[in-house]
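One chain follows as structure tokens, the form predicted alone.
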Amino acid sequence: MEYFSTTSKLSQRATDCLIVGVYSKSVLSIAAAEINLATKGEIKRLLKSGDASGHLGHTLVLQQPSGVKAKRIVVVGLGKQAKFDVVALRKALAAALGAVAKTKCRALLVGLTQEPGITPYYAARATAETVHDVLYNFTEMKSAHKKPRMPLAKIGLANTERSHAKHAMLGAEHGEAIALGMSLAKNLGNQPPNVCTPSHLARTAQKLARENARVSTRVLNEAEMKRLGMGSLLSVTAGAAEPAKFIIMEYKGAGKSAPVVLVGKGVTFDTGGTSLKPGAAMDEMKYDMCGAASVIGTIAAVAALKLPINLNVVVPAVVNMPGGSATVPGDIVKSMSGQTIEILNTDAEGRLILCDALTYARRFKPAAIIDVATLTGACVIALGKYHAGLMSNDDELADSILAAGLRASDRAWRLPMGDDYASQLKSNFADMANIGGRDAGTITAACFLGKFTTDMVWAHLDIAGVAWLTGAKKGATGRPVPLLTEILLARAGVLPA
């Protein structure tokens, strides 16, 4: 996508579509005020008649408006002016794009990026991400491939000062890379489980390495995992015909400095194993690899931006299936750390592959390690589809993740940890059990992982509620690629002051 920043009069810019906003109580945005003047009061007349509205997301399309060089204008509601922020910008822009999505619009001019209260950088970045999100359409498995709904190629970002152009263009560049990573994560998540297998994830990681000189990829097979002592991970794949893969990706952008390590849960389909899941909505268990998809998408974004940071990505990739050789409740396995685990429920499998991955990641001596996983249904009940669950043994890391989530509009919410919760994992027969009972399931899952991250700066993101949508809009969201990339942009020191 091509971007440009402009401070010229929007009414005099020739474009296929111009987007302007109006607030509640008929308050005009900066762009709408200019267009209202150029059209001799047309916006005000439409507000008075009720055809246009300041209600957030309400849209009206004007065709060939007089006094303006744009072929069409979308007037979109922005909600209350005092509450207008990046989240409202994203919602308004998505609605405006939806109103013209079936047109042949190739050039777009966004007037919403002029509004005060949002920096030019984040306004531009949100615009880039939102455009790609709206235009995203997974049709790979359909027999008749549909063309993109809108062949958009050029986007103008309106600014009030020429000095804003540098930050706006940086925001667009970062937004493009994040959108690339999100699209990759969505594509992996939306693939059917007979396509997106552990081997498919491995091939995707290898392809990224071939395309990026700073990225390298290694893939371990089950024999190599066994030699490393990954008994916990291998217990999950024991009933599956599809072999497990252990994927290690390294991005080198900062010499010999300690890397950040992202570990992504890669269960490409989760039947629950012997502890079989109910049949309803089981098809959505193809999304149990969205943690893996998001960390692979993040390293793709980082590589596209050539960030001055070192990043390692670790993906334990398995299929959890029942079968004659499958693990059963009551089995005890030894993890790579040497700790033993009594498996009381084979559907609590994500933590069993992550614990060995976290142990393996110690060899990188990470500056920080973050694991990302669709780990517990309890997190969906607690936080819904709005926040990822965050648990950490380090307050500074946790605070930086929470702040990054707010800036990136990809929010997390911190939950507690502690010995009282960890005590629920006691086992009569092994060092620990893999579940801690019904109470505080999200937290006890994190406490389990915490037993393998002692002396590391570590955080756990439970993305079970945010990684995909259900219902009519079923599909992977690409979250938390924006959050993870924001963390790395901040650590790399490339965000504008």
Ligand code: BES
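Don't overthink the numbering: it's just position in the shown sequence, from 1. Just so it is clear, the structure is predicted and the values come from calculations on it, not from any experiment.
Only in words, not in the display: the form predicted in complex with this ligand, which the text now covers.
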| item | value |
| --- | --- |
| Single option in 376, 217, 197, 204 placed near this ligand in the predicted bound form, where near means a heavy atom within 4.5 Å | 376 |
| This ligand: the contacting residue among 464, 433, 52, 32 in the predicted bound form [heavy atom, 4.5 Å] | 464 |
| Region of this chain that lies against this ligand in the predicted bound form, out of 205-213, 277-285, 302-310, 153-161 [heavy atom, 4.5 Å] | 277-285 |
| Partner contact for residue 265 in the predicted bound form: this ligand, 4.5 angstroms, heavy atom | yes |
| Heavy atom of residue 270 within 4.5 Å of this ligand in the predicted bound form | yes |
| Touches this ligand in the predicted bound form: residue 345 (any heavy atom, 4.5 Å) | yes |
| Proximity of residue 468 to this ligand in the predicted bound form, heavy atoms at 4.5 Å | yes |
